[in-house]
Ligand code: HEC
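Okay, here we've got a single chain as structure tokens, the form predicted on its own, with questions on binding and movement later.
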């Protein structure tokens, strides 16, 4: 259903912003299998892996790690007249020391590592950058402001503000609407908080126990995980003048959906006290009829009952069948 055809039943409304640095209780990612490689085998050839095995294994399952070897990406790349236009975000050079307002240049070496450790953590002088500076015999470690607070978004936005192929530059939404000033960050939503030692003892070395410290999981959360996609919205239901209004407030910090070919279909049902359906309406949004940041998808129904049942389906262009990401019943306020 296009936006024009469903406009009578669907409204996008501006609502007060919701502050907060993302989701503090994220569960481990559980993406629906869509034919991609599940883990990057090349993780074992990374220089970082022996001492940072847990982080490396998390990263190896992410779309960052698979950015170059993904078969669909390689197939689409072969059909492009200027494939080099895509390379910079799929195999970026170390970003420290570059102009982060511009799309990165591509690496010449180790492209099988995709968006690799060096892309974010390697400084021009060879130091390793992160949220902490720590003494280590392995390498010089330097604290960098881009790994904490509002400045952390700059690394992500270097690629994610760019429209490339079917991928939309959602970081532009994040920047234009000043989400960082509201306490949000890319890391805050997509990298779950975690406590663990900074490193592990590499094979063959004498065992050494390091203290735990706060950090972030490198198993990045994406809409491929239904539970994570559901958290893009806050849900509300109210009634007045014999009508029920359901609102799905976009709290993601950017438009939803953010990929051409991806769509979300939401069905709302007003239920009576016995659970019988009084009214039903289904709406659908895609990359053209998206839900803007900090606005709500509103569904109006010509009935009033104590509860509303919601079901949301995510159609991913890689999957033959849509995936349920939302199944909730809401109490209706104002009755």
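None of the values given here were measured: they were computed from a predicted structure. What we label the rigid core is the largest C-alpha set whose atoms superpose within 1.5 Å from one form to the other. Residue numbers count along the first chain shown, from 1.
As for the form predicted in complex with this ligand, it is not shown, yet the points below apply to it.
Contact with this ligand in the predicted bound form holds for all three of 95, 116 and 208, each having a heavy atom within 4.5 Å. Residue 138 is the only one of 150, 138, 123, 235 with a heavy atom lying within 4.5 Å of this ligand in the predicted bound form. Under a 4.5 angstroms non-hydrogen atom cutoff, this ligand in the predicted bound form lacks residue 247 among its neighbouring residues. Proximity of residue 318 to this ligand in the predicted bound form: non-hydrogen atoms within 4.5 Å are present. With a 4.5 Å cutoff on heavy atoms, residue 185 counts as touching this ligand in the predicted bound form.
In the predicted bound form, at least one heavy atom of residue 198 sits within 4.5 Å of a heavy atom of this ligand.
In the predicted bound form, this ligand lies within 4.5 angstroms of at least one heavy atom of each of the following residues of 45-61: 46, 47, 48, 51, 52, 55, 56, 59, in sequence order. Once both forms are fitted on their core, a CA shift of 2 Å or more is seen for residue 318 between this form and the one not shown.
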